[in-house]
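In structure tokens, one chain follows: the form predicted on its own.
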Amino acid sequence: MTDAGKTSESPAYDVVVIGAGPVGENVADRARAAGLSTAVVEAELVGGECSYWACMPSKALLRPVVARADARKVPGLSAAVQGPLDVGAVLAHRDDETSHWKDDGQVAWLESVGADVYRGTGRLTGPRAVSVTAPDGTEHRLTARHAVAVCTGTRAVVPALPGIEEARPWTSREATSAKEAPGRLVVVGGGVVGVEMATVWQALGSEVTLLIRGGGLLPKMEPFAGELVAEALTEAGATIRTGVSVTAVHRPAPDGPVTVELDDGGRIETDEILFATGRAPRTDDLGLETVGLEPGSWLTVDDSCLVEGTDWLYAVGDANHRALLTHQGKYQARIAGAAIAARALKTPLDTVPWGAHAATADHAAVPQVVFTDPEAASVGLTLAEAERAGHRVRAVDYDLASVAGSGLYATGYRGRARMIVDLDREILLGVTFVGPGIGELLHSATVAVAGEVPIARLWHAVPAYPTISEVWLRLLETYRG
């Protein structure tokens, strides 16, 4: 034990992981499974953004909202679920899913795999060298024999607008951890965070206004995805304004309302304002300058997540900007862990089973589900992306309401499916589904895209009747004409 403010030279480790979110945990697990000694450094809660302010709380909040929306469309059940949600129960369930923002269980899991956990801020001090400043000021100096893995994730970006500091805006963290529903909520941004949080708080009693600088919601998906989600949000009571930007915010009284000024000269008064306007890498206070890299930058990596120009530094998950999704970060962690172990043990990478040393899915088969009502899910390329990439493609669409299973799922079912066919190779480059309950369809699409399954072979993958997955048969029939 060292006194506060003192420096302690700690043992060398084979691998030092900075950041103990799901990505860092998985890198540590893979390194330990290969027999490599591993230290993990975390400045906040072990378990990271996903466990406490992103995936887990947001989905805990969304689940009752979507379940009620589905139930309202089921004959014999709809009359029983017309009332409001029990807001207190929803928030209590959210709190349970976040372990009440305590990380004892996550710490215990890391320790159970044999990783040493260091609480504090980790910074690079040179090649293979990391200093950890603990909350009491104690400094530990760690050395990595083989690899340092940066798994520090991202933070929400809040624009530098007049009045922004006094307004104390919400980011995704405040939106997923709020203790009560605001009477009025302005959401700035129409991406995943914006539409999911608009869905939650509108259903929990807030009067929600969505402000979007562009022309529609979910701009990185097929256009019809944003259109169907916007239609449902509007029907639920939310107001959506496109083509507008916020120019200033004012909150004169600490507990008073916020006045939002718009570039069209308009003003909106609200109780809270959420900026869901992008993410930035948590690399600004990481000591990158000590190893010749730019502080605050995204870290460019190869398919093993090795930072370009180094043979020891890895950037895994959001920090490398390849795919800002928890499941892709965990996938990269499995890749990086295999690569670190292979290099440490002098094993040729091309002998690693299944090609598990290269994150090829980041290029062509990234899946994502937006848990709104209706759900929107996609994998691979959109039509516009495929055309920009120079592929000769055809988009094949089908109305999900025409599939037998959808009518059984809900009365008045609305949804749409699209597959993007590479006409030269007759494989799928992308698939998008929008509709109630379609999130569970996505893995079949991911297998088809990642596996480059020929259309001729997909014809023999028979969907069970009567399920919504019968849309696969209908898409293939439409393609064959």
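Here the structure is a predicted model, which is why all the values come from computation and not from measurement. Residues carry their position along the shown sequence, with the first being 1.
Form predicted together with a further copy of the same chain: not shown, discussed below.
For the residues A253, A80, A160, A389, the 4.5 Å heavy atom test against a further copy of the same chain in the predicted complex is passed only by A80. Checked against a further copy of the same chain in the predicted complex, the residues G287, G120, P367, P257 give one hit for a heavy atom within 4.5 Å, which is P367.
From the list 352-360, 207-215, 227-235, 244-252, the contact stretch for a further copy of the same chain in the predicted complex under a 4.5 Å heavy atom rule is 352-360. Though the partner is left out of this view, T326 does reach within 4.5 Å of a further copy of the same chain in the predicted complex, counting heavy atoms only.
a further copy of the same chain is not drawn, but in the predicted complex it has a heavy atom within 4.5 Å of T411. In the predicted complex, a further copy of the same chain lies within 4.5 Å of some heavy atom of G407. Contact check for D14: every heavy atom lies farther than 4.5 Å from a further copy of the same chain in the predicted complex.
At a distance of at most 4.5 angstroms from a further copy of the same chain in the predicted complex, none of the three residues D116, G278 and L345 contributes a non-hydrogen atom. Taking a 4.5 Å heavy atom cutoff to a further copy of the same chain in the predicted complex, the contacting residues in 313-339 are T326, H327, Q328, K330, Y331, R334, I335. Relative to this form, in the predicted complex the C-alpha atoms of W354 and A359 approach one another by 3 angstroms or more. The pair P353 and A28 separates in the predicted complex: their C-alpha atoms are at least 3 Å more distant from each other than in the form depicted.
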